[in-house]
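A single chain comes next, written as structure tokens; it is the form predicted alone.
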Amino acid sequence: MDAKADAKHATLTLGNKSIDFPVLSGTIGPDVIDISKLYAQTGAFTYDPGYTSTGSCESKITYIDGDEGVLLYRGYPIEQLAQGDFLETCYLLLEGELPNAAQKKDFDERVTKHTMVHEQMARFFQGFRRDAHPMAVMVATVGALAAFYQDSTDIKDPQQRMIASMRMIAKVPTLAAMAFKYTVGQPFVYPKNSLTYAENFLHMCFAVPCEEYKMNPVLARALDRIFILHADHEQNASTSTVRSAGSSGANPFACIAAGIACLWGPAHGGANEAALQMLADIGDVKNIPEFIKNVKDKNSTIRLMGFGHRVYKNYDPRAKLMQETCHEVLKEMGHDNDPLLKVAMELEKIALSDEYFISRKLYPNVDFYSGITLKAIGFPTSMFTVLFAVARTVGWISQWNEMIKEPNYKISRPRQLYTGAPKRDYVKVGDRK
């Protein structure tokens, strides 16, 4: 453990007994009270629904300061990393440092050479209904990778762990594109080694055999930036799910499939789709005052989507970058007069100046603009969370690797506050009243 024990300590008084617990300090961020021996010393547990005040692990990967609106990958601000490309960020998250030119070239080549999936995977898709949600397909196919790549499922072997990591970074986009093609009834498109990561994904999604696909560099750059912004986000629900699954010794493909299943929830990965639907429901700038009125009404069911965040109590640092990307894409596609964007801009302006939203720290988050951007690129709303999964795979696998490397990691086992029936005796069915 690298977190240092501070000279400070916390004292818990339970009945007539007082127990001291060490206070740990990380590199940056709030101190942490180490209560790992609480049960052994007191016979009591803490109660923290949603783990909002609980540090479940020690990590060197991502740091968030929600009050200041800061997001760091391995110490680097997200707005600086967005100047590079996604595979550079992947290397950073996996290896801990930015690559030099030779390392970057080697890493890019290794990912590129793993983008193909086993040909029998194509047959696997035929078992799904044509109208199956792409996320349902992703959960199944990513989990099935363990059946096709059994030579990289031994979590005790560092070489196999790295091979599995590279395979998932490379193959999840291919599976995502296949899921998209399958649901729209088009043939699968093989990856091309001559394309960049983002270009390859666009090509696999939108190319058709009957005509040449012309790559738009603005769209490729926008998608690359979207991937960077979503690559990791500390111990969120899906990342915690991956770590929890991994703590049991499950193979990495199963762990990432578990993360995808968790991400599917509308409160997590589906938030950008909800924000887009909200803007569509508003429809026109003239309807915003009535919408705002309903949002403020306690008795109304209208909710403001794409604003506020569980962690950020300031402007989401990803939102500004996403806003710039959104404008670039809409201008390139000739949608700079898009009514949805006009609604979004006016809604943002009001929310940032209205005391009701300011006092509640309801600032725009990354989901507010990402839905509009993805729609303009050509993705249906059913694919929004799939793209999130493509980006977050590297974060999940980095977090999983970090946990597995810990010499004494423990299986995840939260406790509970039991409020059910006390002990009672079984009565045979004929004797029950």
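Numbering starts at 1 and follows the sequence shown. In this text, the rigid core denotes the largest set of C-alpha atoms whose superposition between the two forms falls within 1.5 Å. Keep in mind it's a predicted model, so treat the numbers as computed, not measured.
The same protein also has a form predicted in complex with a small molecule, omitted here; what follows describes it.
Colleague: Which residue among 295, 111, 343, 163 has a heavy atom within 4.5 angstroms of the small molecule in the predicted bound form?
Modeller: Checking each option against the small molecule in the predicted bound form, the one that comes within 4.5 Å is 295.
Colleague: Would you mind picking the one in 133, 118, 268, 327 that has a heavy atom within 4.5 Å of the small molecule in the predicted bound form?
Modeller: The option sitting close enough to the partner is 268.
Colleague: Tell me, yes or no, whether residue 388 is in contact with the small molecule in the predicted bound form, where a contact means a heavy atom of each within 4.5 Å.
Modeller: Yes, residue 388 is a contact residue.
Colleague: Does the small molecule come within 4.5 Å of any heavy atom of residue 306 in the predicted bound form?
Modeller: Yes, contact at 4.5 Å.
Colleague: With a cut-off of 4.5 Å between heavy atoms, is residue 331 one of the residues that contacts the small molecule in the predicted bound form?
Modeller: Although the small molecule is absent here, residue 331 would stay clear of it in the predicted bound form, with no heavy atoms inside 4.5 Å.
Colleague: Please run the contact check for residue 188 against the small molecule in the predicted bound form: heavy atoms, 4.5 angstroms, yes or no?
Modeller: Answer no; every heavy atom of residue 188 is more than 4.5 Å from the small molecule in the predicted bound form.
Colleague: Kindly indicate whether 310, 313 and 356 are, all three, within 4.5 angstroms of the small molecule in the predicted bound form, using heavy atoms.
Modeller: Yes, the whole candidate spot contacts the small molecule.
Colleague: Residues in which of 282-290, 298-306, 214-222, 152-160 have heavy atoms within 4.5 Å of the small molecule in the predicted bound form?
Modeller: This holds for exactly one stretch, 298-306.
Colleague: I want to check residue 190: does it shift between this form and the one not shown by 2 Å or more at the Cα, with the core superposed?
Modeller: No, its C-alpha moves less than 2 Å.
Colleague: Aligned on the rigid core, do the two forms place the Cα of residue 356 2 Å or more apart, comparing between this form and the one not shown?
Modeller: Where the cores coincide, residue 356 still shows a C-alpha shift between this form and the one not shown that is 2 Å or more.
Colleague: Classify residue 250 as shifted (yes) or not shifted (no) between this form and the one not shown, where shifted means its C-alpha moves by 2 Å or more with the rigid core superposed.
Modeller: After core superposition, the displacement of the residue 250 C-alpha between this form and the one not shown stays below 2 Å, so no.
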